[in-house]
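For reference, the chain that follows is the form predicted on its own, supplied as structure tokens.
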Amino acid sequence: MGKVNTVLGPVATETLGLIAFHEHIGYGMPGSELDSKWWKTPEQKYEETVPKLRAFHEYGGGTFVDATGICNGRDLDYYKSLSAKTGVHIVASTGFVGGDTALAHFAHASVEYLADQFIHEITVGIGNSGAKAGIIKVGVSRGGRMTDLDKRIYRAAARAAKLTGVAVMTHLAIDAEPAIEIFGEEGLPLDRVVFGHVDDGVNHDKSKDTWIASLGGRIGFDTFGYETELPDPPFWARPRKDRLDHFLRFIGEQGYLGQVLASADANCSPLGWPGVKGHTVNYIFEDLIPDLRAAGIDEATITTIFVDNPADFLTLHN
């Protein structure tokens, strides 16, 4: 029986239920939590977050993967409380959203140092919380090209993933060639990596989703709900139909259903920015799954996308 690390301890893979594989409890850039304009009391954060997670659970959601890296606002004791209050499994991340979000302490760290950090958070725990990370986050820095620090983080993530059995999630699928080269050199199979945000409005035409999938990598369509139709869309928004059509081609005529993961990348309680009004993890239930059904996607395929694929991905392989 497979296991997955959650903030309340390891759980059997079979108990994960429907999985929102790329979301955020409260994401912000380093230092945003210290900005008086955006500082929030614990009560305010709970007020913003608990109803969303409770609704997720009531809709049938089982597991919420928090894709928030080191330096971006993780609070593991808070996550543990939220999980206990709502009944939702929460999977926490180690790693970094991108090298440009790593504080100065980590900016010149060696691969060995970074790998040790990730391994400790997976096998011992994050801080003094006792909660173990269940996934490693890596990413491409702003500008769309991997920096030297990005490459060290990717290499460290590959080593930690091989040793601990957790999977790796990338922020953006652009500049994938050096990432794939690093994973290959370190002996990490690409089915242990999901290349994310292939569907966003900025990078979808630069993300070689079918090429990555042909090599065995998993593909994340994980910005569902960020639509140009919104009253105040973010810069990475994309027309709703355009994104959906891209997704349907990928799982249908291009034949990569078994390698796809889908999510909304919503932020329950944003740090340092107002967030996108009305966009929550529950877009999955309120809009995305109905859109898929309307497009003729059957229940077995929906289960593959939101239950089977992410469960296999999150399961510890060691």
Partner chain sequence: MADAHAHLSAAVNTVLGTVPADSLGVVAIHEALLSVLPGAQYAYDITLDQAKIFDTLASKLRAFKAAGGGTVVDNTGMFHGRDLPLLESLARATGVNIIASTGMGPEENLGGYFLTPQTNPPTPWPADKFADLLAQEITDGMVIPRLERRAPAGLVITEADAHGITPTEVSLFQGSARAALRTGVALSVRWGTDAHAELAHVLGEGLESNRVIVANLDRADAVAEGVPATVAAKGAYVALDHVGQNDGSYIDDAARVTLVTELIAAGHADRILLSSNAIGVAAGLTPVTLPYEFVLTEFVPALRAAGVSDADVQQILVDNPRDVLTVRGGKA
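It should be emphasised that the depicted structure is a prediction, and the values quoted were computed from it without experimental measurement. Positions refer to the first chain, counted from 1.
Omitted here: the form predicted together with its partner chain. The next part is about that form.
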{"item": "Candidate from A264, I70, L292, L53 lying within 4.5 Å of its partner chain in the model of the complex - any heavy atom", "value": "I70"}
{"item": "Selected contact from E286, E58, E47, D35, since only one has a non-hydrogen atom within 4.5 angstroms of its partner chain in the model of the complex", "value": "D35"}
{"item": "Contact of V260 with its partner chain in the model of the complex (heavy atom, 4.5 Å)", "value": "no"}
{"item": "Residue contact check: H120 to its partner chain in the model of the complex, 4.5 Å heavy atom", "value": "yes"}
{"item": "Proximity of W211 to its partner chain in the model of the complex, heavy atoms at 4.5 Å", "value": "no"}
{"item": "Touches its partner chain in the model of the complex: G31 (any heavy atom, 4.5 Å)", "value": "yes"}
{"item": "Options 59-67, 277-285, 22-30, 248-256; stretch whose heavy atom lies within 4.5 Å of its partner chain in the model of the complex", "value": "22-30"}
{"item": "Within 4.5 Å of its partner chain in the model of the complex: residues from 247-274 (heavy atom criterion)", "value": "L271, G272, W273"}
